[in-house]
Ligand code: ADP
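This document starts with one chain, in the form predicted alone, laid out as structure tokens.
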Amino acid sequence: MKVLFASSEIFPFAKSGGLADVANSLPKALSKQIDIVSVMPLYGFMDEKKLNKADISFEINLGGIEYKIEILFTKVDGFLTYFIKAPLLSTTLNLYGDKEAYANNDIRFGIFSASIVQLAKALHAEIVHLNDWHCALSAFWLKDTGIKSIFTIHNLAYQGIFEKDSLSRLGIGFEHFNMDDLEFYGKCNFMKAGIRYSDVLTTVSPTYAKEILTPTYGCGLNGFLNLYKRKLHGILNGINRDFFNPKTDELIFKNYDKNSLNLKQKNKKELYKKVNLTDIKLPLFVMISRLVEQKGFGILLESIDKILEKKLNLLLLVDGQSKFKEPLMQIAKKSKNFSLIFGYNESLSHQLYASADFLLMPSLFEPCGLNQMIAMAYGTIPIVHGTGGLKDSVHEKSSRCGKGIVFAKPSKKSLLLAIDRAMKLENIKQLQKFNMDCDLSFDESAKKYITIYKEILK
């Protein structure tokens, strides 16, 4: 079995969010049992000199324009990743845009999708595993090749919606511009191509697979998804336990394991030298997130005055620009027990996991979420809204693996009550040790994907 795993971002080469972590960890877990390689775009910020040129090149024709495609590759820890070098795709600096999305993202990721198909043919792949809208059109172009496709939805809120004339630039006939195909409220929707034309459709947790079939979480596609729910599977993500391991993590101040949890205090002490917080004896609550509505910042802002009245420290590591930035900055200026850091930093995020007592995740919806799993691996108790993958991975009243505080309703009252329950916990060390013993890796997920791969090749 030969599988090509395609993603717009793969850690450590490019990362804007959790997709990059999954695209790093899942193929590596799968590679223990099958022949699998990955592919992603070559972006303008990447150092081409660190990559090798493959003996593969080709041209693709989209909308009557020829695009010359070069393939590069590298091996990290024995795992092979290919890179698509193409006009437009590689000549813009960033992944999806600077402050706003690039206007030509339709053709950029159309080129990427078409190139995936040609690379799959060159590698004699039997299955192409596609992830999110950026490579969804590959499923459309694979439909007559004999190569099977799996399409994984990581976040249905991002669908790749473009103007109708994108179809002309991509060389896709307007017979596909209808509600049963690629049309979406007068525009073209790339995500619909992955949903319709893939052989199997998956998403990143069992609960989210159910949620997206409803109007509340379906982002306008719930009716369309219900047409294809027979091929929809929810498979919970995991994390890379080699990378997220407090016993060996080179990014944290002091390594520890479940039998030396007292060393979390030493990590906290070192962290406080870098951030605007004092009183190491107070419990530390952290939130590591993109600064968007989905992550529950509206609820947090409603609650933050009451939260900061409690005997605790709160530290936010946030990335992005939004309406929440200015009010959070004003609160941080006048609060002694609140520290706010802008700009994602991989090292600092590890240090927060290693230092914190609790992780806040008040997300309005969360397809899977990885932060809560990383937190548990570091002995940090997650406090989550029970939605999507958070509901599947964090349990308050169950004996299942993954202990934390879960609140059912995304509201100020529910969040404050959850924080109160956390502060009254008497068996924190027991919960920390329990979570650190949990198998949070991708190994179980990989088994489920391999079962699906085998099924579609029958």
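Numbering starts at 1 and runs along the sequence shown. Quantities reported herein were computed from a predicted structural model and do not represent experimental measurements.
Keep in mind that the form predicted in complex with adenosine-5'-diphosphate is missing from the display, and what follows is about it.
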inquiry  = Whether G343 contacts adenosine-5'-diphosphate in the predicted bound form should be assessed with a 4.5 Å heavy atom distance threshold; does it?
reply    = yes
ask   = Using heavy atoms and a 4.5 Å limit, would one call K164 a contact residue for adenosine-5'-diphosphate in the predicted bound form?
value = no
query = Is there a heavy atom of Y353 no more than 4.5 Å from a heavy atom of adenosine-5'-diphosphate in the predicted bound form?
reply = yes
key: Proximity of K15 to adenosine-5'-diphosphate in the predicted bound form, heavy atoms at 4.5 Å   = yes
query = Of the listed stretches (180-188, 247-255, 344-352, 208-216), which one has a non-hydrogen atom within 4.5 Å of adenosine-5'-diphosphate in the predicted bound form?
reply = 344-352
Site check K295, L317 and N371: each within 4.5 Å of adenosine-5'-diphosphate in the predicted bound form by heavy atom = yes
remark   = If we test each of K266, R290, K231, K306 for a heavy atom within 4.5 Å of adenosine-5'-diphosphate in the predicted bound form, the one that passes is R290
